[in-house]
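Presented as structure tokens, the chain that follows is alone, the form predicted alone.
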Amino acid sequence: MACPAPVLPGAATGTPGAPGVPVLAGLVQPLSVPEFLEAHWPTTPLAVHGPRSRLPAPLNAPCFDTPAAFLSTYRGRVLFGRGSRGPRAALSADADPAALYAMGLTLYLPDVEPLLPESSAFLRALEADLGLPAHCARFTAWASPETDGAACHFDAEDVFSIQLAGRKRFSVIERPALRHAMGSQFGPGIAPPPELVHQVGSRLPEPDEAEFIDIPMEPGSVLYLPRGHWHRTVAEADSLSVTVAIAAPTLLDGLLVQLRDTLLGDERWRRPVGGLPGTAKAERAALLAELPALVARLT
């Protein structure tokens, strides 16, 4: 079931397709897009506030007016738990989200895009505004009953958190725990993924309680949070928000693609592992010795 078309008091700033108005402008105003890209993307958090009606059209769909309205419409996977008590959660493909919400559970709802006919145009326009390739951004939603929320963690994706109904409070550390974090979400009580260990070594990052700042979120508030920043949330009234999560490709991703494509042309790199240990060791040493010259030719 799709959300009904939004009924707005006039044209919404940043509406996809509005002549000359990028989608990103509707999220970061009163900053201009160049100001946002210069001062904030992709390293520095930004919070902006204003009426929800100023946001791009998909975010003004009536099904976002209350948590109950959205949960009665949503059909998709549900991740649920007592978010304020820790990271543990359960995933269901057929649970009734309204019933789980009535039990006081926070819900993470990843299948938002089928509800919004304009979501694809919105995401493709946002990617273009940020200079990113298509299909690296996606919509998700969070519904938290009053007093619950999300436990302390940092993400490995850049996010725009957009408050649509109710109120919640973000607590954020402006200094990143891990700048340009890659891999997956991490926080106290979460087993560190291998990617994290490679990025930080043996000393895992820990949040500093003294450095958290509070950011109140009302309907229409937008928080841009780069990957790697500690944060937590608590709903001060039944809360519904959507997140645009951006898994932007990194320089490392580009390097590995080019390097693999280059090495595929050499049959020695396509050789299956195994065989006589001494012979394989000598061959691998010779191949490694050639790598610096190959890397130097990459663009």
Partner chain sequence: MRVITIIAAATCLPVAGVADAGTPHSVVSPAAALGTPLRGAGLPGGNVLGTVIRPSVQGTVISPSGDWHGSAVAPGPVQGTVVHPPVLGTIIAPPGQWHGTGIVPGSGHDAERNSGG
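These numbers come from a predicted model, not from an experiment. Residue numbers count along the first chain shown, from 1.
As for the form predicted in complex with the partner chain, it is not shown, yet the points below apply to it.
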item: Contact stretch among 171 to 179, 157 to 165, 117 to 125, 209 to 217 - heavy atom within 4.5 Å of the partner chain in the predicted complex; value: 157 to 165
item: Interface membership of Leu132, the partner chain in the predicted complex, 4.5 Å heavy atom rule; value: no
item: Pro194 within 4.5 Å of the partner chain in the predicted complex, heavy atoms; value: yes
item: Partner contact for Ala245 in the predicted complex: the partner chain, 4.5 angstroms, heavy atom; value: yes
item: 4.5 Å heavy atom contact, Arg82 and the partner chain in the predicted complex; value: no
item: Option touching the partner chain, based on a heavy atom within 4.5 Å in the predicted complex, out of Ala150, Leu105, Val222, Ala137; value: Ala150
item: Heavy atom contacts to the partner chain in the predicted complex at 4.5 Å, residues of 159 to 188 in sequence order; value: Val159, Lys168, Phe170, Gly183, Ser184, Gln185, Phe186
item: Direction of Cα pair change Glu209-Leu178 in the predicted complex, magnitude 3 angstroms or more; value: closer
